[in-house]
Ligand SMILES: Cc1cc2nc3c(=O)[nH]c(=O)nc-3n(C[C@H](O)[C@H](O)[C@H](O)COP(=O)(O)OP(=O)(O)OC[C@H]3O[C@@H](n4cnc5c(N)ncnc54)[C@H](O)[C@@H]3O)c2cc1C
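Heads up, the chain below is alone and in the form predicted alone; it's given as structure tokens.
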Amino acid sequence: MEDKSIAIIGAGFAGLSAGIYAQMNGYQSQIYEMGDLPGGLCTAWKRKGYTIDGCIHWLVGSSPNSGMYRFWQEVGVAQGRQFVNAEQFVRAEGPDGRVFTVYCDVDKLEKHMLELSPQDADLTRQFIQGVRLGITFDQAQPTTSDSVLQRTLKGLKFGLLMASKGKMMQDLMRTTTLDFTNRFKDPLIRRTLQEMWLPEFSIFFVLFTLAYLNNQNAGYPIGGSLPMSLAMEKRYKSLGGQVHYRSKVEKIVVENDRAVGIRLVDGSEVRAGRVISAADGHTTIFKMLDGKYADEKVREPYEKWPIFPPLLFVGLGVNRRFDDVPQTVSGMSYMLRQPTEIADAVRDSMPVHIFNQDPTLAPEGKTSVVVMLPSKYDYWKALAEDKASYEEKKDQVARTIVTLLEQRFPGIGEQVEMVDVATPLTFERYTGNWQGTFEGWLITPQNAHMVMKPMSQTLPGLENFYQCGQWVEPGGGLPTGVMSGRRLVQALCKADGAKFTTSVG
């Protein structure tokens, strides 16, 4: 193709990834972003000296021994990044004083579960067997440091695994987290495993997450989300790419069923040989393109597939350390003394993520804390029709959360220096994401096969237009965002008869 210009919509991980690989391969790309920062959902914000991290808990591919690590090097994220591998994934404190700790070490986890609930021994071993399967698959992935012989041997091992364990994988993919965990007799184990992920989520990917953690291949990056996004922006610009912030795209310009550019909300147009949307899928297909290229297959996910539920996201700045609380990957939870209404739902437990593993998020001697609760978009949308009611509800949520934290951390009310409440509408306003969701499609038994056979990155009947990111990658997440942009540019190179090349910055 002679015109190698590309207009990319969205400067999240997928958009930046597409831009980075496009620049590596001789395309001239420009990114148009509605906000004023890179990263999209991988972001953070400051309040009264505290940083509230809105995204990262762990990053798959953080180990230099991982095949994914090379991708993080290519996009500029891995360089100079310090990763912390906590010993505990989550910690759940039951009403009877018992504690269930989901250890990252699989041997320690198995021993703990068997001691905690001998009556669930058979199911525990089945659960652990699934984690060990994931460990083996992760370790079988080739890395750039492997010799040709090592890569060949790993390829053979991977093929044998697929042949011998393929049926087991398929069975796990077709089983929801709820169906699997409901078989546990112990209420604390059952409840904890169900609260770690959503009930519709395929148990296969739960087990593989624990496998990555065991392999120390899902570490937390010190500094959190925004520094990673800024690093990708820096990498993109170093390759000659340009990012235009506060440049919201209103329409994709189409002539004779061919995408030829974009139109911004200020009415200006930018012409390009190709257009890539790494923005919200629903907005892209049904607003930017007016639904003209959405056949039944394209519409099906938006009409039938479940999305990750939007979040009620409460960040707190606390004037104390939490050295007495074990560091965890994804937080802790405790039972409330009595069920309590928080916004649109009655809750009987409180999940708390204490960022005591990252001193950069708070002033010295202080700690950034986050409470995340699933919350209905429609509830907040209706409430927002009256701005005063919307703001009062947010204030009420803040007061309630602080009061409930007192049950586990007496005296914390006087130590809280900052509370910031973000609703699903907040996420929608800043990222454009449909219904304020944070990761697009849930991986369920209905769409789990898409992980092995990805969704199409094109739309029927429309030339020179492509999508990348979480709306064409069930399960979403930062690794799939980067791989989605990479996969797309590989396809462009193939279509143009060029060799796809990469480099490490």
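Just count from 1 along the sequence shown to find any residue number. It should be emphasised that the depicted structure is a prediction, and the values quoted were computed from it without experimental measurement.
As for the form predicted together with the named molecule, it is not shown, yet the points below apply to it.
With heavy atoms only and a cut-off of 4.5 Å, decide whether Ser368 touches the named molecule in the predicted bound form.
No, Ser368 stays farther than 4.5 Å from the named molecule in the predicted bound form.
Could you tell me if Phe313 has a non-hydrogen atom within 4.5 Å of the named molecule in the predicted bound form?
Because a heavy atom of Phe313 falls inside 4.5 Å of the named molecule in the predicted bound form, the answer is yes.
Val249: heavy atom within 4.5 Å of the named molecule in the predicted bound form?
Close contact exists here: in the predicted bound form, Val249 approaches the named molecule to within 4.5 Å, heavy atoms only.
Indicate whether Cys55 is a 4.5 Å heavy atom neighbour of the named molecule in the predicted bound form.
Residue-level check for Cys55: yes, a contact with the named molecule.
Tell me the stretch among 179-187, 79-87, 316-324, 425-433 that has any heavy atom within 4.5 angstroms of the named molecule in the predicted bound form.
Flagged stretch: 425-433.
Exactly one residue in Met34, Leu459, Ala448, Met68 has a non-hydrogen atom within 4.5 Å of the named molecule in the predicted bound form; which is it?
Spelling it out, the residue with a heavy atom inside the cut-off is Met34.
For the stretch 477-493, I need every residue with any heavy atom inside 4.5 Å of the named molecule in the predicted bound form, listed N to C.
Counting only heavy atoms within 4.5 Å of the named molecule in the predicted bound form, the contacting residues of 477-493 are Gly477, Leu478, Pro479.
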